[in-house]
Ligand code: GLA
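Only one chain is given next, in structure tokens, and it is the form predicted on its own.
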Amino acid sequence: MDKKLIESTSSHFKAKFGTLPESLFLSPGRINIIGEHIDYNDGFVLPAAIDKYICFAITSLPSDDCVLVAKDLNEEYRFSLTDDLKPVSLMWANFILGGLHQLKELGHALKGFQLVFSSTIPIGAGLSSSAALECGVIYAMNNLHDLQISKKDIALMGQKSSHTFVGVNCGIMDQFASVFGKKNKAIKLDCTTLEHSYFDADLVDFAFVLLDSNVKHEHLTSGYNVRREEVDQGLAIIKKNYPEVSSFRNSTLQQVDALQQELGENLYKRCHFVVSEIKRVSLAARAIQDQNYKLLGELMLETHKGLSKDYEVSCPELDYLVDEAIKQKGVIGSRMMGGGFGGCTINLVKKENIKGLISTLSDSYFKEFKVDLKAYQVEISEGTHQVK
């Protein structure tokens, strides 16, 4: 629990509205330990909620009037629940309006409210601050009005907010991890069925450290779309030759290798990565449960190599950070995290070596790219919840 964040959000609420808030909620960002670019390939992911949060301070009103205050941006937005809720020019407000719109459409009776929110989730680092925002507000409304909405439906409504009010056609992982996270637990999630299981993830002497490259290349959207087309083409060829295969999940590397010539270089590499990564997620879940950190680190490195060489969604900055990190004392795993072409690497590091890693790589990265490196140590924490 982030006491400093809670206190500052509550204080801002009191300064703004003259009284302390009726309720407080925390909604976390997330990491994905392993399982990249396979959510849309019938695969599994291994995310976890982290100790970076958005804090919501909220009080119900007797009217339909609503006031949203973004403390960190020093911005606010006012509206009435009787309004026809539509996307507005303030992007952050749309993550909230999208959820409220769905609640209204489902016929839930809502009251107006005053809301102040503030965050410790770094913006733009790929830690899903947007999922924390949309799911946190829906969770708060569910709690305040006793709407009896399930956690699964809160996550799905958060995802739909992104689709309809923000225009981002995201998968379900971010919202699911934010809502379903548990302290010291990784979630193995089937992105197709939403079946999930928890694996113990008490890292003991190790921790995850995120190194933010502070770059975002323009290829992300175009590259993502092209990769989806390529794997669809590749799977069609596999199915044609092996009718028993229904998805990448029950395809094998032997089948992919046997079709290397027919697939061609690009499709072969894409399919090879997807089939390998699906298997790595299951191995990693067991490794983290068994505290086999050496194996977990090896799997993370294999994933990065696959993302860089076979799926080709890395970039020079990310490759540099992984290559240099793994040379440092106490680092046993490193890979790019997220869609690629920029963003963060996630590193499995012995706690006693974290400061040395950050110091060394901050200096060398700036010398190499003339870009400042940001670093965040994260702990696996509780999902969205009310602060008692």
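Residue numbers here begin at 1 and follow the sequence given. Every value quoted in this text rests on a predicted model; they were computed, and no experiment measured them.
The same protein also has a form predicted together with the ligand, omitted here; what follows describes it.
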Inset, instruction - Check whether M173 has any heavy atom within 4.5 Å of a heavy atom of the ligand in the predicted bound form, and answer yes or no. - result: yes
Inset, instruction - Please check if Y40 has a heavy atom lying within 4.5 Å of any heavy atom of the ligand in the predicted bound form. - result: yes
Inset, instruction - Decide whether G35 counts as a contact residue for the ligand in the predicted bound form under a heavy atom distance cut-off of 4.5 Å. - result: yes
Inset, instruction - Verify the contact flag for Y268: yes if a non-hydrogen atom of it lies within 4.5 Å of a non-hydrogen atom of the ligand in the predicted bound form, no if not. - result: no
Inset, instruction - Go through 321-329, 59-67, 358-366, 334-342 and give me the stretch that gets within 4.5 Å of the ligand in the predicted bound form, heavy atoms only. - result: 334-342
Inset, instruction - Work out which of F199, W92, Y242, Y224 lies within 4.5 Å of the ligand in the predicted bound form, going by heavy atoms. - result: Y224
